[in-house]
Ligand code: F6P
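Encoded as structure tokens, the following chain is the form predicted on its own, with no partner shown.
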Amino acid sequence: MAIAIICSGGDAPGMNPAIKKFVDYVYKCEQTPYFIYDGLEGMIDGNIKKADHKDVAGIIHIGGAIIGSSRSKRFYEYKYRKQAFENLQKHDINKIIVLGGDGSYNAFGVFAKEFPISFIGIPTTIDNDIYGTEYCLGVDTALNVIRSAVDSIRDTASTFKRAFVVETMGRECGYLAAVTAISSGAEVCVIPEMNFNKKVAKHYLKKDIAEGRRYILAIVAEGTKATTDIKEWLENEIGMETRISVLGHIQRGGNPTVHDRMMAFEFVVRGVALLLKEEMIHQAIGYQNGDFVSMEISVVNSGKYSVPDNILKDLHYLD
């Protein structure tokens, strides 16, 4: 049986450990693994090749994805989805492991309604914003990359008595910013999920400065589009010289942490096992309450992720 793996959408640390485990485990199951290179674009173009152990040797510690990834506007058109299916047929592939986020899940949800394709989605995004799972591959590494950057920024902020506004990724989800703010002891956190109470924050920050505080650390989620506003507020209302640091794509790179590697292994093994067990399946694997679960892709695609209440309650100066 031919089983393929594809990375779709944004890259995330943990993809390469998942790819390695995929090849090793599929061979262990006496099946044939295939790589779909460069995501949906590669599937449309027929960039599909049989994988071997040598292809995944020495990749477990590397960020990114050795098989590439992409976002595809062409995949919105039926003729290109049909072309992608025909390319899969050339290799007798009708089962696919999908490493991606909600955009990838939606794309394969449409694809599987039109053609006889089985797939298992593995939540892979640093945004950690997929419904039905508390954990996505890549988020632990991203949080540690952010932690390292924020710790360094704090050093220079305290030296020069400055405020720093650090912008994190996450699209419309504030998970990265919220966890970073809590774990770094930031004085300010601004995320899409909650309103930032400037009046309350100003009261406490002014009090802290009067008592000797030398710096302020503000974590802002990119989805709020409030980075510049918070900088101006800190300068004009709080009275502290302020700098902006947009972390950008460094959050997507770096050596996958041990946790991301181990989670990648578990996700892949369970995904392949489901594909081998069922003749036709369209599901995603999630992680809930310390255990792995599987859900119909239609359920995942119709839901909306929300940052856990226990994390929101730990944030300061919020309505």
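Note that the structure is predicted; figures quoted are calculated from it, not measured. The numbering used is simple: start at 1 and walk along the sequence shown.
Just so you know, the form predicted together with the named molecule exists too; it's not on screen, but the next bit is about it.
J.: Taking heavy atoms only, is Glu222 within 4.5 angstroms of the named molecule in the model of the complex?
T.: Flag for Glu222 set to yes.
J.: Does the named molecule come within 4.5 Å of any heavy atom of His282 in the model of the complex?
T.: Outside the cut-off, so no.
J.: I'd like to check something about Met169: if you look in the model of the complex, is any of its heavy atoms closer than or equal to 4.5 Å to a heavy atom of the named molecule?
T.: Result yes; Met169 sits at the interface with the named molecule in the model of the complex.
J.: Given that the partner is absent here, does Arg74 sit within 4.5 Å of the named molecule in the model of the complex, heavy atoms only?
T.: Residue-level check for Arg74: no, no contact with the named molecule.
J.: For the interface check, one of 112 to 120, 158 to 166, 230 to 238, 126 to 134 should have non-hydrogen atoms within 4.5 Å of the named molecule in the model of the complex; which one?
T.: Only one stretch qualifies here: 126 to 134.
J.: Please tell me which of Lys206, Arg214, His249, Lys199 lies within 4.5 Å of the named molecule in the model of the complex, judged by heavy atoms.
T.: Contact check passes for His249.
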